[in-house]
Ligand code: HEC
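The form predicted on its own is given below as one chain in structure tokens.
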């Protein structure tokens, strides 16, 4: 009988936490259901990684191979996920979704998806290569332009210019 009561108490305690878990899961799902917000968050992390790496390569920050490798790892991770955050209907011109923020993504992303994915693959390759070289400042500097060129190649074609 004692075991039955203990089991019942454990179940009651566990069930009392379920509404909180449901709310948390709904909040996480809601944020992930907004691909614009998620891709902007990822691009901010790429911008931060680029800024840190450039400062180290220019000598504005002390060179830290581990920090440079981490920055390149961030870029590689983003490049691997980023293209999945442009589902059909998530462009601002033809949106079937309700977004609460603007996007700089050009419609060409959706009309030329294969090229867009190739550009992301180029960033993945360049940042992975740079990450392997990050232990040595000169070695990283020798390959870092490939990372910048991969970013530039995509931004020129698929990112709208900010309106001033």
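Residue numbers count along the first chain shown, from 1. On a predicted model such as this, the values are computed, not experimentally measured, just so you know.
Note that the form predicted in complex with ligand HEC isn't included here; everything after this is about it.
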item: Any non-hydrogen atom of residue 103 within 4.5 angstroms of ligand HEC in the predicted complex; value: yes
item: Contact test in the predicted complex: residue 59 vs ligand HEC, heavy atoms, 4.5 Å; value: no
item: is_contact(residue 43, ligand HEC) in the predicted complex, heavy atom dist at most 4.5 Å; value: yes
item: Partner contact for residue 109 in the predicted complex: ligand HEC, 4.5 angstroms, heavy atom; value: yes
item: Within 4.5 Å of ligand HEC in the predicted complex: residues from 105-121 (heavy atom criterion); value: 105, 109, 116, 119, 120
